[in-house]
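Structure 1 and structure 2 below are two forms of the same protein chain, each written out on its own as structure tokens.
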Structure 1
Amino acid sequence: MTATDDTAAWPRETAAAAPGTKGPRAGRSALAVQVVLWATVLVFCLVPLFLVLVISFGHKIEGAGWEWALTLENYQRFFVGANWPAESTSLYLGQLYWSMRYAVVAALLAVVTALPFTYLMTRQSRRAQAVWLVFLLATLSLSEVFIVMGWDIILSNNSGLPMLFAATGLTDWLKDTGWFDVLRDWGLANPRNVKFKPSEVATVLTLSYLVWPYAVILLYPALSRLDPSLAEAARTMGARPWTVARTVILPSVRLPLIGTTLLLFVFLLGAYVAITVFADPSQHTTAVSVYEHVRGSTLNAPFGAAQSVILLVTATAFLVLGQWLTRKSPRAA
């Protein structure tokens, strides 16, 4: 090989060697990123979860605090009561039932109402969609306390809808038509006027309002990718709007619907402020009980931690069930 050939080959060899020289550096950078990510997960997720799990096996000292132990008495108290086998109670199981009931109903209501809104929003211009998305993202900055306070004013017996019903004569019309007695049976009226709190209806409405923007944002990507020609072709063939929605739109977004519902359900399992304001004390949830035992008047941290673990296991079970249903369901064409 001549000197000219060596000179010509040198840039190629240098270019071929250049990526190799950056390889170890890139590998170290990727390793550092992985270490940071795992350290973050460890410190902010796994360590608190491990502490809650360990504390749930602790023992409450009467008249004092608690001590580290390895006992199942807290879990036994949750399922059968503290005096079992002499006496059993389902108080805490009932609170878990109301937690799941509120979360399921509110999540379904939010998804059912957000689906048509999101679909219509995706049919608008890009500018209009951007405005709606910015508005929805802005509403997420409102805290749960602020939203519950607003709904508390709207549903207040002295300054909200009940006063408006009485002032406009709608309450008298309900009494004349017999609907007032129906509302009383549902717990939405007292002998004088309609009332919305405490009631399950007010609780579900508030919880649904809390997660409704999340439902729209989670459904938006799937609905925005829908091909409008599919719905137009179905309407051209004579399909009615409900038939188009049932046979074209819903199958196309089935998996996002399931995922959105599950995420909202898990989020609502831990709702606290809306429950304490609008729910009857006999219908309080596990999240409220956890706060009462950890920070309230009871001060029984091990039992509160045990309830937290059970609530976490419940959420995980529903997520696994949803994942199983997603895999079992046939994919849309």
Structure 2
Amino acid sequence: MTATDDTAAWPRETAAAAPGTKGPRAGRSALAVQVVLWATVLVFCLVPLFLVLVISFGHKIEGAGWEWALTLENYQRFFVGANWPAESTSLYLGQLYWSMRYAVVAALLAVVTALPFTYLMTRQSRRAQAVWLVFLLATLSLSEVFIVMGWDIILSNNSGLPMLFAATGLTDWLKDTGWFDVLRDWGLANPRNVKFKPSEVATVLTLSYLVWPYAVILLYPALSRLDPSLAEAARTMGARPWTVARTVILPSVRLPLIGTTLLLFVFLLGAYVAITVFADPSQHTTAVSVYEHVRGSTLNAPFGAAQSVILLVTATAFLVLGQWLTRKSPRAA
């Protein structure tokens, strides 16, 4: 008899028996602890988010702060502009578009490059894995300001890559071969030299770099549980490495892959520093706008709150979509 089949149900059984062993005093203090825990979590985790929602319906007083109200003017402003129907603007919708565009592209880029890396990492010894994890966690936890600082030095026009391009003659070579014009078309060059700031490429690369360690960490559990004998079995049946990857590895990590992409997407929606440093002001995001309105020059807290709500709703919508996608999949069970 294995202990498990006999004892599977026991924790709850013993828990049910426990009251007999405790005095009513112990029961009451346990209850008090529960109440305190619930109150703490509700007050500190949920009330701030609830306030954002409530204030998004508030009204800004010109030249002062704001007041409680139940108005949709902030949402109206977001979707069609403050002076609608006289005139309409898609400025804020455009910002949301850029939020999503950066987030989607950067998340996909990170996941696509992190997947083979993570797979190779999990095939290494446990000690080597631990070293990699320390390295990845250290970069992952590193503040966005430092990472942007590093990329800024690499990409800025008077140091780093553009200078390196000019000094090594790469710029001239690009001009000779005609690639320079292609780069100009992509917005990666000014008349004299290549430039990466501001550009969408630099923004996406930095954002992708920012979440890349997250992608590895999130894919790590699924890939490390992948039974190596599966791939070996496929190999013995004559499958080539690429066929193995396509028919064995990819299908078995499909769900974590989708989940990871979604989480990175949600994370990237809130990116701020990388956008302000690397993106053209015409291509700024909702997150940047939230700063401007809540703490920046324009000071319109209710509108900032409304934008936060829309950001949150967008994130939730994508997560729900992901849930729906994974539930629809036949392999979900």
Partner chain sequence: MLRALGAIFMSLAALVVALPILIVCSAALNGGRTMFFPPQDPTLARFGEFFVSEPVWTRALTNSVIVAVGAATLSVLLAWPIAYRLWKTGSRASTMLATLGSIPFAVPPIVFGVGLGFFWAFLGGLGTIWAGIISHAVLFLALPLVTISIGLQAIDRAHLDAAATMGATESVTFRTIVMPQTLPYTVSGFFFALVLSFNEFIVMFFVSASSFATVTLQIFNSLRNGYTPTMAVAAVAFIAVSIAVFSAVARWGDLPRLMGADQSRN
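Every residue number counts along structure 1's sequence, beginning with 1. Under this definition, the rigid core comprises the largest set of C-alpha atoms superposing within 1.5 Å between the forms. Predicted model only: the values in this text are computed from it and were never measured.
S.K.: When you get a sec, tell me if the form predicted in complex with the partner chain is 1 or 2.
M.R.: Form predicted in complex with the partner chain: structure 2.
S.K.: When the two forms are laid on each other by their rigid core, does V41 show a Cα shift of 2 Å or more between the two structures?
M.R.: Result for V41: yes, a 2 Å-plus shift.
S.K.: Fit the two forms on their core, then tell me the C-alpha shift of A32 between the two structures in angstrom.
M.R.: Its C-alpha moves by 5.9 Å once the cores are overlaid.
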